[in-house]
Every structure is written in C-alpha cells, then in structure tokens.
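Let's start with one chain on its own, the form predicted alone, as structure tokens.
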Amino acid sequence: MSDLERIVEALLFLAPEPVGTAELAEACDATEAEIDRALDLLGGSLTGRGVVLREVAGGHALAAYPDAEQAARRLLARPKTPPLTQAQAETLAIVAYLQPVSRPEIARIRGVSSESAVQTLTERGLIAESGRSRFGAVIYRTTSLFERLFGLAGLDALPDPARFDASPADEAELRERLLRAGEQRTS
C-alpha cells in the first residue's frame, strides 16, 4: 500500500460525507490521476474485507460491507449512556430490587441523600415515577430502557438476591436490615 493510498483511506475514514476526487487531490497535494489510481488500489485492497469503497453522491466514501447491514443496525440502535457512578449504581439496584420504592427509603438504605442519583437516573430514563406512597412521597420503578440496557427479558431475570444472602422468605427482613444499616451509616 502506497503512502498516497494510506492517506486517501484515512481521509475517507475521517470524512463525514463522500469526498470528490478534486477535493482529495487538493488535500493530498496530488493530481486527480494519482488519486484515481490510489482509489482503484484502495478499492482492490478492501476486497473481501468488512469495509468497501463506494462512489456515492458525487464522491467517494468508505462503507460497511453490505452483508453487515443488519448487525450494524442492531449495534448502532443501542442507546449510549455514560457509565453510572457508584451512587447511581447503588440507587438503581435499590430501585430494581425493592420497587416501588420512595426516595426517602432509598436515602435510608444508602445512608446518604440520593436526590442527585435519583434525578440523574430519571433523566437517563432508567427509573421513572410510578405514583405516590400513602405518605405522599414519590415512588420509583425501573423502566423498559433499564431492562433493555441490562439485557433483561423482565424484572424476574434480575439475579436472585437469595444467591447472595437472603432467601425470598427473608425479603422483608433484608429490607429492614438495609434500612437499619443506612441509619447507622448516618449516625
């Protein structure tokens, strides 16, 4: 592969739109004939690979191999979210396992205010308001986006907490232990 061919490939990779031969020639300080030859060589070197050289919209562009279209659509359709902070992950776990759950309950379990974490998780669409408790506090539940991002078929696909510590019969006791631990953390 020549230097010119490498440069043309790099420019096509970086360009958000198809690039014409004249533009490539100007950018590479080469003649249009040299660019045409580099494009021919590049197209040949990409044969049998996952990327192909296309002539579209009056220019040249790198594109995915046509057989990869469905896989590419699935990959690119996934929502992109920044990683969760520890506080957000703790809050999300509490909501996922104890839902519906109120912000005061979350704060009691964590031992610290969870207002910011709840707000961020709500803004990201991972949890949503699902009503009010009998005391008027907003209660939260996870959303279908949460299930999709974590690859869950449903909430019943969450790992069973019994595997970690408590049996299903001890769920109420676990909630109380978590609340007590949170209260001790704040003391």
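C-alpha atoms forming the largest set that superposes within 1.5 Å between two forms make up the rigid core. Here the structure is a predicted model, which is why all the values come from computation and not from measurement. One rule holds for the numbers: they count along the sequence shown, beginning at 1.
Although it is not shown, the form predicted in complex with another copy of the chain is what the next lines describe.
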- Message: Residue-level question: is residue 39 within 4.5 Å of another copy of the chain in the model of the complex, judged on heavy atoms?
- Response: no
- residue 26: touches another copy of the chain in the model of the complex, heavy atom cutoff 4.5 angstroms: yes
- Touches another copy of the chain in the model of the complex: residue 31 (any heavy atom, 4.5 Å): no
- Task: Answer with yes or no whether residue 58 is in contact with another copy of the chain in the model of the complex, where contact means some heavy atom within 4.5 Å.
- Result: no
- Task: Quick one: name the residues from 40 to 54 with any non-hydrogen atom within 4.5 angstroms of another copy of the chain in the model of the complex.
- Result: 42, 45, 46, 48, 49, 50, 51
- Superposing on the rigid core, do we see a C-alpha displacement of 2 Å or more at residue 61 between the shown form and the other one? yes
- Message: My question is whether residue 28 is one of the residues whose C-alpha shifts by 2 Å or more between the shown form and the other one, given a fit on the rigid core.
- Response: yes
- Query: After a core superposition, would you say residue 72 shifts its C-alpha by at least 2 Å between the shown form and the other one?
  - Reply: yes
- Item | Relative Cα spacing, residue 71 and residue 125, in the model of the complex - shift of 3 Å or more | closer
